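In the form predicted on its own, a lone chain appears below as structure tokens.
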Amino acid sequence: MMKEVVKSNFVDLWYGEFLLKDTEDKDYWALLNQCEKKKAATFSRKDLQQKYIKTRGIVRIILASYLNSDPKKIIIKTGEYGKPFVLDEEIYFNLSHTGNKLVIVVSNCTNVGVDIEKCRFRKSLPALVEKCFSDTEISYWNALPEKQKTHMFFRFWVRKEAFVKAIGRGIAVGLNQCVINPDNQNYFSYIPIDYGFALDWKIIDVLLDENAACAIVTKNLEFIFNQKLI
């Protein structure tokens, strides 16, 4: 018998571009707290500073739409390993950006991680595969036609990154310890034991751009998945 999806459970992916030319036209700076403003002041490059300010402002505006709150009043803290979270609210979020593209994932029911990367050839890809992939994944990748290897590398990479961001640990947990099942790439075949069973987690591949790879990792629950434009 098919499980009924609980309609109140959601995972929403927001995506768009930074559009740096209009950053100064909107008062994102006023939305930041003192820690965020202090962090913004550390950027030596103006474009990176603008990206940071606009990203944090957009995150606050989006979270406020769920919490029915003033964006300035949302208390965003950082976990032990650097993952941001909203204090005293049952809302989970994560973000990633590459180039001019920004993705933010928000959920009310599960820890979430998201990653997006441009798919571009690098001479270092084989070395990264050896370092960050498991033996099973290495065998799978090496057997691919050459023209598929770059794109598939980044598809595997963003899934692994999304997982370590979902658990709040980052790459220190060991990307080669987060093993994607080559035969069913919406799931892991192995994860570090501290984070439950492999099937406790779900991978959502997201096609936003044919030249980019994007993936979300969540707990393996029933929820509605939506994509929204920033």
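Since this is a predicted model, take the numbers as computed values, not measurements. In case it trips you up, residue 1 is the first one in the sequence shown, and so on.
Another form, the form predicted together with a small molecule, is not on view; read the next lines as being about it.
Comment: the small molecule is not present in this chain, but in the model of the complex one of Y28, Y52, Y195, Y66 has a heavy atom within 4.5 Å of it, namely Y52. Proximity to the small molecule in the model of the complex, defined as a heavy atom within 4.5 Å, holds among S134, T150, S96, N111 only for S96. The small molecule in the model of the complex is not approached by E90, whose heavy atoms all lie more than 4.5 angstroms from it. Not displayed here, the small molecule is approached by G168 to within 4.5 Å at the level of heavy atoms in the model of the complex. Interface membership of E80, defined by any non-hydrogen atom within 4.5 Å of the small molecule in the model of the complex, is confirmed. R56 belongs to the set of residues with a heavy atom inside 4.5 Å of the small molecule in the model of the complex.
If you check the small molecule in the model of the complex, you find no heavy atom from any of D12, K118 and C119 within 4.5 Å. Of the candidate stretches 181-189, 66-74, 168-176, 195-203, only 168-176 contains residues with a heavy atom within 4.5 Å of the small molecule in the model of the complex.
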